[in-house]
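To begin, one chain is listed below as structure tokens, in the form predicted on its own.
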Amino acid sequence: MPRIKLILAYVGTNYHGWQIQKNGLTIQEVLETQLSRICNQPIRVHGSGRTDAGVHALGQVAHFDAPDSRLDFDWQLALNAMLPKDIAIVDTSPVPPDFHARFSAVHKHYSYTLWTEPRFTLPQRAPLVWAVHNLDLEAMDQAATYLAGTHDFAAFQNSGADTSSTVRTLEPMIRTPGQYPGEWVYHFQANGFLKQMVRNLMGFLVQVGRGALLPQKAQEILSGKDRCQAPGTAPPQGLCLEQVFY
């Protein structure tokens, strides 16, 4: 059976995340439904990782095993004709049988977008940003320097994870201008992320930007390894899975 790699983009607003669950429609469920129709048999899709309800993607990666009869099939054309408009197949390619969308990944790149213009939020951007105002961006940049490197990020992991280690290596975070004045994009790249880790890091940075915490507080939170000592989780709509590296 040929193994097929998919790269997906989606707006997660109307979905309960990537992974199939009982309480709402998910990206995985929609994709598996259409693939099973094409193949006339049940198809299981494996993603590079979960994205939460309301989180978006430009470069989610998934794979599935297709029947031999579909060896030369145009998966991109067929799926994009069948999927809803808020999900798109960006690329497809055959991969070796030992490729795994999750376990073969070596790095992931997420972005988180803030809207800091206090007078209004563009309606077109509202589903894709967190609107927060009066932030000290330089203080947030300073706090980010304490988070970069190899650390135990247990304090930035929400409960319910099944990982054996909470140590991750986070590359230096980068802040870039967004599409509009007052829009800022924070880039997070690491060899792996814990459950809601990026949203928790962003929640901390925003608290620093608001003046509620000093940048150096990052060191104390990391060393404490206690989720209760870190600020709350940032909302999902500003988060986007940009790229998965193999």
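Values in this document were obtained by computation on a predicted structure and should not be read as measured data. Numbers for residues come from their place in the sequence shown, where the first is 1.
There is another form of this protein, the form predicted in complex with another copy of the chain, and it is not shown here; the text below is about that form.
The candidate spot formed by 34, 43 and 82 is out of contact with another copy of the chain in the model of the complex: none of the three has a heavy atom within 4.5 Å. The contact residue chosen from 77, 148, 71, 174 relative to another copy of the chain in the model of the complex is 77, the criterion being a non-hydrogen atom within 4.5 angstroms.
When another copy of the chain is considered in the model of the complex, only one residue from 198, 62, 27, 57 comes within 4.5 Å through any heavy atom, namely 57. None of the heavy atoms of residue 160 is located within 4.5 Å of another copy of the chain in the model of the complex.
Of the heavy atoms in residue 179, some are within 4.5 Å of another copy of the chain in the model of the complex.
Shown alone here, residue 143 lies farther than 4.5 Å from another copy of the chain in the model of the complex, counting heavy atoms only. Interface membership of residue 155, defined by any non-hydrogen atom within 4.5 Å of another copy of the chain in the model of the complex, is ruled out.
Residue heavy atoms within 4.5 Å of another copy of the chain in the model of the complex occur in exactly one stretch of 135-143, 102-110, 89-97, 161-169, and that stretch is 89-97. Residues 119, 120, 121, 122, 123, 124, 126, 128 are the members of 106-144 with a non-hydrogen atom no more than 4.5 angstroms from another copy of the chain in the model of the complex.
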